[in-house]
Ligand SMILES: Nc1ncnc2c1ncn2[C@@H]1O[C@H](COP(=O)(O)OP(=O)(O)OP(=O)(O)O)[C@@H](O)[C@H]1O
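One chain comes next, on its own, written out as structure tokens in the form predicted alone.
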């Protein structure tokens, strides 16, 4: 059965080349061609073609957002562009494109991409990634970072993401997302048949209609007292079998339980704000991680509530810690507090705010780097 295909292209010569190549492709039918991309988006939303060839213009940011919207409509997008640098290819794929073809277009490459899209192949990571948000001090916004990063990862990758509250015994993930889970971590650990994959999915509460699933903290402190490192390792194994990304919000204490979480994490987002006491505490964490032989790439410093004109600059922080800051989340008090008080992510308060765009950028940066490692 033929699949309907639409073309987003503004250059007449490129349109003719694409149409000439598609004459020999029997598995698709060209439905529409759009040089005004906004009209194309409206058409796709209503008519649901299976495949779109999308030519990326000089306005890269707008193109990526359009690709994301097309994929949200269920369309398999083939991006074409003159910029075929690795970073651009990876970023485009992470915004949802199923394949990437460089300009000038080669017939074999285009037809191969269409064949792949016709089979509806999905790109997923070979290995599930455990990403832990950590600070040895409270009050730096770890839970806000964990929650909003998990939300954006689920949107960006369209893969299953678990958000796990291991901030024992006083976690707040369920409150931040206004959830009332019926099951929690203690239910999984005490389950008589934890190898049952479906039980993990049942224990996690799906957030609205996204690919984000939340595993909440136990509601009573007594339920956390017997939690031990072996159970954490088993929990992580089960989560890796069901999710592509596992985001952990953990406590500040350095004890056997938390050390097990850190040891078994693939990435640690060491979160701080810029003030002298917290920078000193951040240095203590780095010293600890070095003594534990953690690789430098495993530890990534996140500066939360960043202010451009702060008395202590990012350069000062990097010189003090002898390590680059991986990402800066801007200080947007009103958006973040409104998000917390209403129990929804910052993107649902204001999708165009600087803090929303920052979490989108952080999710994109992490997935881009992981995807490059995965295919390398």
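Note that the structure is a prediction, hence the values are computed from the model and not measured. Positions refer to the first chain, counted from 1.
Just so you know, the form predicted in complex with the named molecule exists too; it's not on screen, but the next bit is about it.
When contacts are defined as a non-hydrogen atom within 4.5 Å, all of 139, 305 and 337 contact the named molecule in the predicted complex.
Comment: 143-151 is the region of 237-245, 99-107, 285-293, 143-151 lying near the named molecule in the predicted complex, near meaning a non-hydrogen atom within 4.5 Å. Taking the partner from elsewhere, residue 176 is found to have a heavy atom lying within 4.5 Å of the named molecule in the predicted complex. A residue is said to contact a partner when one of its heavy atoms sits within 4.5 Å of a partner heavy atom; residue 55 fails this definition for the named molecule in the predicted complex, lying far away. Among heavy atoms of residue 331, some come within 4.5 Å of the named molecule in the predicted complex. Contact annotation for residue 167: at least one heavy atom lies within 4.5 Å of the named molecule in the predicted complex.
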